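As a starting point, one isolated chain is supplied in structure tokens, in the form predicted on its own.
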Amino acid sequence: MEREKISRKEREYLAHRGEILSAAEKVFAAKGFFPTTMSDIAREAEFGTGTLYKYFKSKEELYFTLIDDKVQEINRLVKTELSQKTSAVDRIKKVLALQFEFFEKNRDFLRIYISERNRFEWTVKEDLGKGIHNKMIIYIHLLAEVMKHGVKEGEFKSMNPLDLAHALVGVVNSFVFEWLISPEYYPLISKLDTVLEIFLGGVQQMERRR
């Protein structure tokens, strides 16, 4: 009976936490981090401001939790796809499609993050950066394993798998950053074939390589 009661409390806690994070995402995306107050978020979530502080000590903690949750969410999606027993090329195509769809879904929030991250104090940026960097390292090494499989199976040239992983991430990040700061909206998924062609096919015509 006690275990059931605790479980019910945990479910309620997680549900309220999720509602607060969802409300915070909307407000941050609409107003930006610095103009947003905890009262704004509480109003959107339909909670008292004091209730928010039971879940998060500060606006900063709420914001960074939201970022961390998003990084973990995309990492879970990517890890599941990269672990499939399909060809390396097929896994890469599906992972990029997943990422582009995820970025599209979270575009407003990501734009706020990109535009305002440099305004945080250095210690805050360093802590936040380390957390995201560590998760990125895990992703790159998972991607490198796929590249290694692709090299072994003859799908890719005999090149360093880790270098290939970094190259792909670099191409993707360039397209995503340009899409985020562009004054004109266009679907990010529309750039998927271009990214794949650059990475998988290269940009130099075969006859020019001789």
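Computed from a predicted structure; not experimentally measured. Start at 1 with the first residue shown and count on from there. So that the term is clear: the rigid core is the largest set of C-alpha atoms that superpose within 1.5 Å between two forms.
Beyond the structure shown, there is the form predicted in complex with the DNA, which is absent from this document and is the topic of what follows.
message = Only one of 161-169, 175-183, 37-45, 140-148 has heavy atoms within 4.5 Å of the DNA in the predicted bound form; I'd like to know which.
response = Within 4.5 Å of the partner lies stretch 37-45.
task = Classify K54 as contacting or not contacting the DNA in the predicted bound form by the rule of any non-hydrogen atom within 4.5 angstroms, answering yes or no.
result = Because a heavy atom of K54 falls inside 4.5 Å of the DNA in the predicted bound form, the answer is yes.
message = With a cut-off of 4.5 Å between heavy atoms, is K26 one of the residues that contacts the DNA in the predicted bound form?
response = Judged by the heavy-atom cut-off of 4.5 Å, K26 is well away from the DNA in the predicted bound form.
request  = Verify the contact flag for T65: yes if a non-hydrogen atom of it lies within 4.5 Å of a non-hydrogen atom of the DNA in the predicted bound form, no if not.
outcome  = T65 lies outside the contact set for the DNA.
is_contact(R11, the DNA) in the predicted bound form, heavy atom dist at most 4.5 Å = The answer is no: R11 has no heavy atom within 4.5 Å of the DNA.
ask   = Quick one: once the rigid core is lined up, does L188 have its C-alpha move by 2 Å or more between the shown form and the other one?
value = After core superposition, the displacement of the L188 C-alpha between the shown form and the other one stays below 2 Å, so no.
inquiry  = Is L143 displaced by at least 2 Å at its C-alpha between the shown form and the other one when the rigid core is overlaid?
reply    = Comparing the forms between the shown form and the other one, which are aligned on their rigid core, L143 does not shift its C-alpha by 2 Å or more.
message = Comparing against this form, do E184 and F34 have their CA atoms pulled together or pushed apart in the predicted bound form? The difference is 3 Å or more.
response = Result: farther.
inquiry  = Taking the cut-off of 3 Å or more as given, in which direction does the distance between the C-alpha atoms of K31 and F177 change in the predicted bound form, closer or farther?
reply    = Nearer in the predicted bound form, by 3 Å or more.
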